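This document starts with one chain, in the form predicted alone, laid out as structure tokens.
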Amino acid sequence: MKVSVFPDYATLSASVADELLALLKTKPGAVICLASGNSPKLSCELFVKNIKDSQTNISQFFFVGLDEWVGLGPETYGSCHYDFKTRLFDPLRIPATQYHVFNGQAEDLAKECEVMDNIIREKGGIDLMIVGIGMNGHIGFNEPGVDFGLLSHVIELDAVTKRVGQKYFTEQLSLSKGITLGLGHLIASKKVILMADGTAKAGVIKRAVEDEVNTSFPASIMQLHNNGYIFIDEGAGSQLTNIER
């Protein structure tokens, strides 16, 4: 695992967008997994701009969504599918044949997990996974105490996730479960970038980077990834003691 500290959120986001573009230039058929939420929002905007400006052919790559709130559909503002649709699929006119995201409204969620795992396996695994970190250390909906070896699964949401998650929606919603790629997928991914910004994330970044690896703080698993990167701005890195600036 390597930690990179950027001056600000804009520079951090540009670097992540550059990583995405560089991958598609070297491997047009790459499999990319991306989180939704606030952290990667600007990176998505810059990635779309970079693709259009460079006229990069994106007809071969495949996109996988990291997670979804159980019970929410693509029409719900703030759902993961809604974010992907408005940030990437529509702006880049990506056809449905080039992506797979969890259906949070599926009647058989176990089958939904099985389908996702099979798709990732058939595609040869994830080349680049870009994730954020929650205030309880979760990645995707891999909540505190989760088994590090799990693949796609449904999980009861932690109280912190339920509370903080309300910020993504225009009205109060009942949030109880999530469906997510497991940390087994993260470890198996060829490259993983965890991104975070702002002083509010300083404490959780310190725990992820400098505390012992423990299932009680899922993001600590990044320490075990041979090609894992922590991309943060100065605010998020302000409590770190063991890195050079």
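For every residue, the number given is its place in the sequence shown, counted from 1. All figures in this text were calculated on a predicted structure; none of them were measured in a lab.
The protein also exists as the form predicted in complex with a small molecule; that form is not presented, and the subsequent description refers to it.
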Given 24-32, 206-214, 64-72, 47-55, the stretch touching the small molecule in the predicted bound form at heavy atoms within 4.5 Å is 64-72
>> Is residue 201 part of the interface with the small molecule in the predicted bound form - any heavy atom within 4.5 Å?
In response: yes
Quick one: is residue 38 in contact with the small molecule in the predicted bound form, heavy atoms, 4.5 Å cut-off? yes
>> Just checking whether residue 133 would be counted as a contact of the small molecule in the predicted bound form - the rule being heavy atoms within 4.5 angstroms.
In response: yes
Exercise. Is there a non-hydrogen atom of residue 129 within 4.5 angstroms of a non-hydrogen atom of the small molecule in the predicted bound form?
Worked result: no
The one option of 99, 168, 148, 82 with any heavy atom within 4.5 Å of the small molecule in the predicted bound form is 168
